[in-house]
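Shown here is one chain on its own, the form predicted alone, set out as structure tokens.
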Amino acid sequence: MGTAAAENFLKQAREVQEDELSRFAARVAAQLQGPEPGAEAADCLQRLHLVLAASKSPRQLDAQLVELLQTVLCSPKCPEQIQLLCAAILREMAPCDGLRLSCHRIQNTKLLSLVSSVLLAQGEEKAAVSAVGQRIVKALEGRLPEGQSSRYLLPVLSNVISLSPEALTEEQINVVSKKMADWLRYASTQQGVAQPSGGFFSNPRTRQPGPVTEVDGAIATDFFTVLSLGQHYTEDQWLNMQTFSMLRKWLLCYGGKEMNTPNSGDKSEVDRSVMSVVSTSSMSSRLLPPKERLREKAFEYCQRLIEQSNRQALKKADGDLQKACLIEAVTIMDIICKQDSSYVYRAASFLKILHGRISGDATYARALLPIAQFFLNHGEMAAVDSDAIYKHLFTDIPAQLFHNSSLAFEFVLFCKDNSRLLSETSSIFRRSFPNLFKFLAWNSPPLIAEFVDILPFLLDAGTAIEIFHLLLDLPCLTAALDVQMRSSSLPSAERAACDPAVKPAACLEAFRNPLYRSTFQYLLRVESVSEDFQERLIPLRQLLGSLASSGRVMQCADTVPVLLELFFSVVAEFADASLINQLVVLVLQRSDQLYEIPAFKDDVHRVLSSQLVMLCKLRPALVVELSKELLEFSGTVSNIQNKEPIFTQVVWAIGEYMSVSYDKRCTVEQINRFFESLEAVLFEVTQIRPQASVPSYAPRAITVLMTALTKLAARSQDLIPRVSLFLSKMRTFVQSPAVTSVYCEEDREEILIRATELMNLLKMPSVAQFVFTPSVDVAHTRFQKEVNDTLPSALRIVTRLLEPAPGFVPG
């Protein structure tokens, strides 16, 4: 209800016309010119800001109003709410031509923050960003006037380094680093004092504040962190929390850069490591350079946060904060260890213990990702066996939490960013691909782009076949996950195993049926297995067909063609003869073992047919080696209707590559066998049965069959009379009433023209033999490739040379 009202409100704001906006802007200007803008002015400014923010294209305001907004913003007597709204409107108008704001002379930190936000919103001109950065750092390093606070400036500084990290000088970086170290480590552990209301009964002698507490209610005995709780906070406590919020960004921008002092280049890595170790044990940390000191205090702060995360929070919000801070703390420790390797040993032992503590709690699943990232980056240096961490991450988390969409995205993004490192570091990543694909099966299509990057790193000679099957069964996996989810939500009494003697009528019954248990377990497996379950999956696919219309299943099915094309392009780079032959056989077998979604089957057949051509071009000898499988497939007439794209390409490959030019093992007997098989198919397709309806076969299949027969006859010339006779009868076929009722004129003409061209070419056997059966020396030359590419043109030229008169057709 509230969402609908908000959408309606935004729609009204977007539909405000320019003339209406001009009149309203004049009203706003009148309100701001009053003696002291009040509630009505605030309401008008809010409405104006909504119109500007909701509009999809930039809106223009009168120059006088823009000037007035700047004047009111900088007025010391203006209410804070009015100033906030003026700044927000000026930011929405960015870039603004009439802007004259400057932050150089502003002493009030709240106003400095607002003006700086407007200036930074104007664009990313480095000079302007640098000027704001210089002013903010100057304010931070000096003594602020009474009543002013630095906490309004840190968010602006964070914005500055996001826009232009080079805006600060090395000296300024050191100044801020020193202050950040102090804010992190030395904030007060006493709660802040509530601001007096100023009422008649307010007591000037307020009670002294108590100490801050931990999330479990215990009094904090260590230094203050963002997980320390109080009713009110002091100025340095606010700065502590703000510093932690921008710490990661600061370290990434400046933590790794050392000061350009004359002696800085003389220190070796060992010297810095020793210095860091000594500094934490015997030296005062204040003697360290500012960046090293900030790293030390940040590391201590993160350790403290990780310790605090072990406490039982009294409120859910505090528990959520614990988990968020834990993730950030581990991430920052990883950054610190990248910048100073002396911290690796302490961090590794600390995080190993942390992993053991939280790995059994699914609510901490997101925190396992930065821990795994740390050991990926530093496990070798720390001499730690990280396989247990990776195994738990890739085995348990996807299987249990594939339905958590935010975790799925973070997990897959982690895999994408570390694909190369994971594949080189541990075999667990590649073995766990069945588990990883659960994320895609349940959360596609938002994750398809990430899986396009991940898939090449999962593929090798050992996983290619299993991944091929998995890709084809991906919608089936989605359906199985859906059944698993629904089964787990049933009462325990209904989850009992079914009678194996009774054939299950529904998916949920099959999931509990012992006869289907092993096939469900295979489909839902967590890692790669060598056993082939494809035959046993056929009845399960049929049972899961009731979920084929599910939106989630159909969305998953849409991702398969993209991944299939990528699969073949990657496999082509490393596949040997054996793997290519296996894939070709599987293409033929799996083409009729697909999940029952018509559009999905059509798309998969289209992709498989194009990739079959690629495999044949990659290794033409497979046509001879797989002659049995290809004969069986091409000799089945029903394949023309059910799998026309694949059938057509198989017939093309037979006609193209069943030749001694490509494989010396090719014999006349093999050519004759293929010829007889394809001849029988073409006869069946073109046979006219007056008493029955003529099946509608694709014209392309008929023309490819004719062409393949002609090619085979050119290589075994005893067959030329047979194919010539067959081709001469095509005119009778295309002109029969039964055929004209099925095929359009354009299709009939296409069949007839190709038959005429082929028959004319066979009248010159030597030419036909050269065109269709090049010698070994010519087969791979550029000339022969061009002949094959332009074969239709060559056929037409021969036809024109041989035709005795216009309009001659066989018949």
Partner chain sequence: MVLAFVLLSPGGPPPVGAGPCRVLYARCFGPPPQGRLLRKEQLLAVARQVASHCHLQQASSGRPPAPTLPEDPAPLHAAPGGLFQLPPGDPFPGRVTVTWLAATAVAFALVCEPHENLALAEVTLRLLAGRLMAVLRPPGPAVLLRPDATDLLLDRLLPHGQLLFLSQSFLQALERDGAGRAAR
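As the structure is a computational prediction, the values presented were derived from the model and not from experiment. What we label the rigid core is the largest C-alpha set whose atoms superpose within 1.5 Å from one form to the other. Residue numbers count along the first chain shown, from 1.
One more form of this protein, predicted in complex with its partner chain, exists but is not displayed; see below.
Stretch 109-117 is the contacting one of 356-364, 527-535, 651-659, 109-117, since its residues have non-hydrogen atoms within 4.5 Å of its partner chain in the model of the complex.
Among residues of the shown chain, Arg23 is not one whose heavy atoms approach its partner chain to within 4.5 Å in the model of the complex.
When contacts are judged by a 4.5 Å heavy atom cut-off, Gln33 does not count as touching its partner chain in the model of the complex. Within this chain, Leu436 is remote from the site of its partner chain in the model of the complex, having no heavy atom within 4.5 Å. Taking non-hydrogen atoms only, Ser569 never approaches its partner chain to within 4.5 angstroms in the model of the complex. Contact with its partner chain in the model of the complex, defined as a heavy atom within 4.5 Å, is made by none of Leu422, Tyr522 and Leu540. Contact with its partner chain in the model of the complex, defined as a heavy atom within 4.5 Å, holds for exactly one of Phe244, Phe726, Phe394, Trp183, namely Phe244. Note on contacts: among Ser162, Ser188, Gln172, Ser677, the single residue with a heavy atom within 4.5 Å of its partner chain in the model of the complex is Ser162. Residues of 53-79 that come within 4.5 Å of its partner chain in the model of the complex, judged by any heavy atom, are Ala53, Ser55, Lys56, Ser57, Pro58 in sequence order. A displacement of less than 2 angstroms separates the C-alpha positions of Pro539 between this form and the one not shown, with the rigid core held in common. Gln83: CA moves 2 Å or more between this form and the one not shown after rigid-core fitting. Once both forms are overlaid on the rigid core, the distance between the two CA positions of Glu92 between this form and the one not shown is 2 angstroms or more.
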